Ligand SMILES: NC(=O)c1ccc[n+]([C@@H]2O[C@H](COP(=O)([O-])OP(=O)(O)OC[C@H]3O[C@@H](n4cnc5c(N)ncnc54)[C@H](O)[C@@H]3O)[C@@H](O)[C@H]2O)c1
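Presented below, as structure tokens, is a lone chain in the form predicted on its own.
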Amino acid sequence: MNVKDLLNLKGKIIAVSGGAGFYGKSIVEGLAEAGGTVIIASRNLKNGQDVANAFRLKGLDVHSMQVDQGDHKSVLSLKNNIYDTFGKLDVFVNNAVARPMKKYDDPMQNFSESMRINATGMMDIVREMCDLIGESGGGSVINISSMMGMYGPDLSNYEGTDMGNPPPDYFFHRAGIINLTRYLARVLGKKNVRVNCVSPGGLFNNQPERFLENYCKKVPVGRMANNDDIKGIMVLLASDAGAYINGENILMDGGMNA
């Protein structure tokens, strides 16, 4: 098959949790640009609709549906809504993450809330979406982790800034999703569902100048990620071009941790 056909997502129904967020918008855009029909699954329906409308003005097939990842009934409603509207699901991008904790010594109830959404809720939505993909004949799941799920924090990046230390729950959950990827790849193979993970480095978002200086000098390509950097790997893993990639975690950090 021609490589352009392998990478073509036309006819694929794709759901992206947290698709109205910072990295989520880039993921949605890339998958839609490759021909996919993409559903933004967001807790804030208006935000999702606004993003979807902006993409549709560019000629992209993007839709919005509401989901609260911490609410099982909401997750089931999303699953049913996808099936009723499109009749199947081919790809799920597990991208949503909540940030209840802000620093190391936050109250433990903030850690507990993070567990409720980012662990229990995340497993709930992944399992329901995987069931729908399996019932649709198989497809691909792409978990979004972070390089912070693979390495401890480089605190020198924050020297000279008032950003503070990153919160511990993020490292805990991002690490867990990497090994969950391997587990799911084994368990779901019989349903023809591939499961992979992408661990991005930092995405440029007008961070303080000192942080950018500290960070970028450690990256061989000399910069943070931009909005286009994640698109290609997402299309690869969602498409037939990635049909023999399964159970992998792909670090996308510009060589920072090479």
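As the structure is a prediction and not an experimental result, all values here were calculated from the model. The first residue of the sequence shown is number 1, and the count goes up from there.
The form predicted in complex with the named molecule exists for this protein as well; it is not shown, and the discussion that follows is about that form.
Of the listed positions (157, 181, 114, 146), a single one reaches within 4.5 angstroms of the named molecule by any non-hydrogen atom in the predicted bound form, namely 146. Remark: residue 73 does not count among the residues lining the named molecule in the predicted bound form, judged by a heavy atom distance of 4.5 Å or less. The named molecule in the predicted bound form is not approached by residue 63, whose heavy atoms all lie more than 4.5 angstroms from it. Contact between residue 98 and the named molecule in the predicted bound form is found at the 4.5 Å heavy atom cutoff. Of the heavy atoms in residue 194, none are within 4.5 Å of the named molecule in the predicted bound form. Heavy atoms within 4.5 Å of the named molecule in the predicted bound form map, among the stretches 186-194, 29-37, 199-207, 50-58, onto 199-207 alone.
Relative to the named molecule in the predicted bound form, residues 18, 67 and 174 are all within 4.5 Å by at least one heavy atom. Annotation for 243-258: no interface residues with the named molecule in the predicted bound form [heavy atom within 4.5 Å].
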